[in-house]
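One chain comes next, on its own, written as structure tokens: the form predicted alone.
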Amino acid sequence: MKSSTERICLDHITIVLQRPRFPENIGAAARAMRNMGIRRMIVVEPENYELSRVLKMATHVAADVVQEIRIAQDLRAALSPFHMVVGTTARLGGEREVVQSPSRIAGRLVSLSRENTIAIVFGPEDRGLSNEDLRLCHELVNIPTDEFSSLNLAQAVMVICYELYTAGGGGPLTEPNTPRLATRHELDGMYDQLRDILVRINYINPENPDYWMNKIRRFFTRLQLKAGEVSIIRGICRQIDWYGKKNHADGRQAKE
């Protein structure tokens, strides 16, 4: 018999659909989630959210998932409470350098899910997540396919949810228990503060700060920062800011 301590905590998993175009796909995704024991969904800026059409595809089996769907108007705000955000992508290269397979990312989330809330984000059916959307994610996952790489939204949700459902079952944990990570809100505040400081001390180019911030984001993502560690980094930024302003003021007084 499989020990529950070795399975991913599905109650801490939320499926996030960014700007889905068709209510039928929302319903089909809800059904796929329900098949795999995942019940939480956030829909961000849906192009057309018609409840009757969503319920028709979800069927009575997933009606409870549909009734609890949270509609959000901004992806960054919707993701702010989560400790780990995984973005899905069909395209590779460019800013999408470090991409995991569904089984690998699911295995890594087993221990994280015990103390941390996790969002899995899917983009619009026609173009997927934008580079700006992906900057809100800690990790990226790609579903390997043959020559035709485009998957229906609900199919992609089912593949990821299946991997999450089966992750960790029956085998020993490969990672120690992980304490609570910083939330997306805490990290985004830190990144905004870092970008401001690094631009002002001329460490990064103010004309293209996101290029350099992407490298910094990837570095900190590998470290899996805790809330206290984010607080330390923000404290260092405040001290740099204070010291820089003090030196500037002292210099002006000396000239006068």
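Residue numbers run from 1 along the displayed sequence. Fair warning: this is a prediction, and the values are worked out from it, not measured in the lab.
In what follows, reference is made to the form predicted together with a small molecule, a form of this protein that is not presented.
Relative to the small molecule in the model of the complex, residues 90, 141 and 150 are all within 4.5 Å by at least one heavy atom.
Residues within 4.5 angstroms of the small molecule in the model of the complex, judged by any non-hydrogen atom, belong to 116-124 and to none of the other stretches in 75-83, 181-189, 116-124, 103-111. Though the partner is left out of this view, residue 167 does not reach within 4.5 Å of the small molecule in the model of the complex, counting heavy atoms only. Although the partner is absent here, residue 136 sits far enough away that none of its heavy atoms falls within 4.5 Å of the small molecule in the model of the complex. The small molecule in the model of the complex comes within 4.5 Å of no heavy atom belonging to residue 161.
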